[in-house]
Ligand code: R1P
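Consider the single chain below, provided in structure tokens and representing the form predicted alone.
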Amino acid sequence: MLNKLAASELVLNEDGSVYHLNLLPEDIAEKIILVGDPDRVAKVSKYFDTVEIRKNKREFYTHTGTLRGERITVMSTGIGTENIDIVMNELDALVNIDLKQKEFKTEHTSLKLFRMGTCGSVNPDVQVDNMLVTQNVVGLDGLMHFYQDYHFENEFSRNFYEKFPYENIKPMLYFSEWSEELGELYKDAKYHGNTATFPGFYAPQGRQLRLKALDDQFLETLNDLGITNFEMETSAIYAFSKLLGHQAITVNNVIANRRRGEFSSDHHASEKNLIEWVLERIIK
């Protein structure tokens, strides 16, 4: 099997950077913070000691600099696992493919990926404005079924799959878990839980405007199956990390409890607390 990639498979810009992220290999560190919102990138990098790289294309904004003497990158992914498909493949290409020769490198580089975001909780006992680290995750979007060789199961996934009652959604499910090594950095989080990654904001998360959601009890059912919280990216980040040999952890600030109908009284302060809490622990 030849390792050389066709130009249509590994698409590059005129300067040799990867197509969507607009980055060269030297533009990123091996520790990368992933945020959804492009505006959050500058809110994170303002805490860096230095910033040497500022690049953007579409919704993908990247700042790389140093924090307490260590090189670090923060990057926005936009919303949803379809964007994570782009981010994870292109980040891996930056470190594990020779972009000039379009060949796989013989020496593998493992990235450390830290998703920093917000989430809602389906567990009525979870209090808003607290940190929640994802240990197990289930994706309801089906993305990883497009990739060969992906399979992951553990006690959580087996129990969830067996009892999941929505047969039309069941074929789309896939599972993954955190990096225990990175989890040690955030062991003092108030909550460690099981996350559901949804393919949308409205009906997939039980919201109803003019269109009715599948089931009024959907979020309650997920909580009964062991789900603590939900968001829109983690399942793909964790699953790609398993496939590609990277490490990943998600730290979310809970800004809503859907079962209790609560929302953070000051989500901007929650965001600031999240950034400072994550950065304090990411480099010792």
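Remember, it's a predicted structure, so these values are computed and weren't measured experimentally. One rule holds for the numbers: they count along the sequence shown, beginning at 1.
This next part talks about the form predicted in complex with 1-O-phosphono-alpha-D-ribofuranose (R1P), which is not shown.
Q: Is there a heavy atom of Arg115 no more than 4.5 Å from a heavy atom of 1-O-phosphono-alpha-D-ribofuranose (R1P) in the model of the complex?
A: Output for Arg115 is yes: heavy atoms within 4.5 Å of 1-O-phosphono-alpha-D-ribofuranose (R1P).
Q: Within a 4.5 Å heavy atom cut-off, is Asp37 in contact with 1-O-phosphono-alpha-D-ribofuranose (R1P) in the model of the complex?
A: Asp37 belongs to the contact set for 1-O-phosphono-alpha-D-ribofuranose (R1P).
Q: Although the partner isn't part of this model, could you tell me whether Ile79 comes within 4.5 Å of 1-O-phosphono-alpha-D-ribofuranose (R1P) in the model of the complex, counting any heavy atom of the residue?
A: Ile79 belongs to the contact set for 1-O-phosphono-alpha-D-ribofuranose (R1P).
Q: In the model of the complex, is there a heavy atom of 1-O-phosphono-alpha-D-ribofuranose (R1P) that lies within 4.5 Å of any heavy atom of Asp27, even though the partner is absent here?
A: Asp27 lies outside the contact set for 1-O-phosphono-alpha-D-ribofuranose (R1P).
Q: 1-O-phosphono-alpha-D-ribofuranose (R1P) isn't shown here, but in the model of the complex which of Phe104, Phe201, Tyr147, Tyr166 has a heavy atom within 4.5 Å of it?
A: None of the others qualify; the residue that does is Phe201.
Q: Identify which of Ala239, Ile249, Met232, Ile33 has a heavy atom within 4.5 Å of 1-O-phosphono-alpha-D-ribofuranose (R1P) in the model of the complex; exactly one of them does.
A: After the contact test, the surviving option is Met232.
Q: Heavy atoms within 4.5 Å of 1-O-phosphono-alpha-D-ribofuranose (R1P) in the model of the complex: which stretch among 115-123, 93-101, 178-186, 157-165?
A: Checking each option against the 4.5 Å cut-off leaves 115-123.
Q: Of 124-157, which residues get within 4.5 Å of 1-O-phosphono-alpha-D-ribofuranose (R1P) in the model of the complex if you count heavy atoms?
A: Heavy-atom contacts within 4.5 Å come from no residue here.
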